[in-house]
Ligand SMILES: Cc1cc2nc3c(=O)[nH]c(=O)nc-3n(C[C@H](O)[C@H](O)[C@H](O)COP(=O)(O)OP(=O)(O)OC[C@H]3O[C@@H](n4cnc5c(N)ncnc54)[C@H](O)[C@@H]3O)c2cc1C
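Starting off, we have a lone chain in the form predicted alone, written out as C-alpha cells.
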Amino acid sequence: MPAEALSAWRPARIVQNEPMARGSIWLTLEAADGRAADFRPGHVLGLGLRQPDGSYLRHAYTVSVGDAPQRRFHHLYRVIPSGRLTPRLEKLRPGETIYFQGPGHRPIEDEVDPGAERIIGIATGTGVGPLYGYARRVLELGEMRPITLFAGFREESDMCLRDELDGLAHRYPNFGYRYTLTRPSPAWRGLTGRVTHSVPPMLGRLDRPHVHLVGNGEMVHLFRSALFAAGMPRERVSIETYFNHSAEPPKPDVQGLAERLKPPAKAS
C-alpha cells in the first residue's frame, strides 16, 4: 500500500464504545468513506480526534478484531485519567466520528512461526485484546495447534474478555487461557503474581512453542531477553509494546527469569 494511503486520515463512525472492565473500553469503528478496512489482530492504527485548527489529537492503538466485510474494526483500550486522548475518547458516543490512519505493524498470525508445535500468547492489561482476536480468527480458520493465552492484571475488576475467552475454550478443545493477578482478593483461585513469575513454570520445553508477547514494554523486553537466554530460538518470539518501549531489563532479572524458564533437570 502506498505510503500516502497509510498516512492519510480516514473517517470512521463509532458503533460501540463500552466498558469491558474497570478502566478498559471496547471500541468498535466502521470506516465511513466506503473504502476497504481489512485489518487483522495485531495491526496498529493511528486514531485521531480532529482539532479546531485542523490538526489531530492522536495515538496508536492495536486492532483486537477485524471484520473486513462490514468494514469494521475493534480496539480494546485503557483509559488513562491523566492522558490527553483517552479521557476524551471515552466520552464519544455511537454515531460520532473519529479518524484513523494505517495500518502499521504485522498482524500476529504473520509473526507466528509455522514450524512451531504450539502457540503461547502472554499479555499485560489490554494486550489481551489482540491475543483474543488472533486466537478467535485462526481457530475459526481451522488452526489445529494448541493455543494458550496468559494475561496479567492487578485485580479481578481489571480482567477483560473473560466471557469471550471462555466461549473459545468451550468451542475449541485446543484452546485455553489463564489469568494471573498481582493483587487478588481472598476469593481468587487462579494464578497470582506478575506474568514473569507465575507463567514460566507452565511453559514447558522452549524448543516447541512460538511465544507472542504484548503489553507493557518492561514485561515484553524482560520476557523476550529471558527466553533467548534460556535457549528459545529467536524466530519463535514476536512482540508488541504498548508503552515503556525502550525499557532495558537489568541483567540479573533476565538471568533469574531465564533460570525459571528452563525445565527442571531430570533425576538420574
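Counting begins at 1, following the sequence as shown. Remember, predicted model here, so these are calculated numbers, not experimental data.
Separately, the form predicted together with the ligand exists; it is not shown, and the next lines address it.
Task: Heavy atom contact within 4.5 Å of the ligand in the predicted complex, the stretch among 113 to 121, 184 to 192, 137 to 145, 83 to 91 - done: Comparing against the ligand in the predicted complex, the contact stretch is 83 to 91.
Open item on the list: Under a 4.5 angstroms heavy atom criterion, identify the one residue in His197, Arg154, His105, Arg162 near the ligand in the predicted complex.
Closed with: The residue in contact is His105.
Task: Proximity to the ligand in the predicted complex, single hit among Leu206, Leu49, Val44, Ala68 (heavy atom within 4.5 Å) - done: Going through each option in turn, the one that passes is Val44.
- [ ] Classify Leu76 as contacting or not contacting the ligand in the predicted complex by the rule of any non-hydrogen atom within 4.5 angstroms, answering yes or no.
- [x] So Leu76 counts as contacting the ligand.
- [ ] Look up in the predicted complex whether Tyr61 has a non-hydrogen atom within 4.5 angstroms of the ligand, and give yes or no.
- [x] Tyr61: yes, in contact with the ligand in the predicted complex.
Task: Contact of His245 with the ligand in the predicted complex (heavy atom, 4.5 Å) - done: Flag for His245 set to yes.
Task: Contact test in the predicted complex: Ser225 vs the ligand, heavy atoms, 4.5 Å - done: No, Ser225 is distant from the partner.
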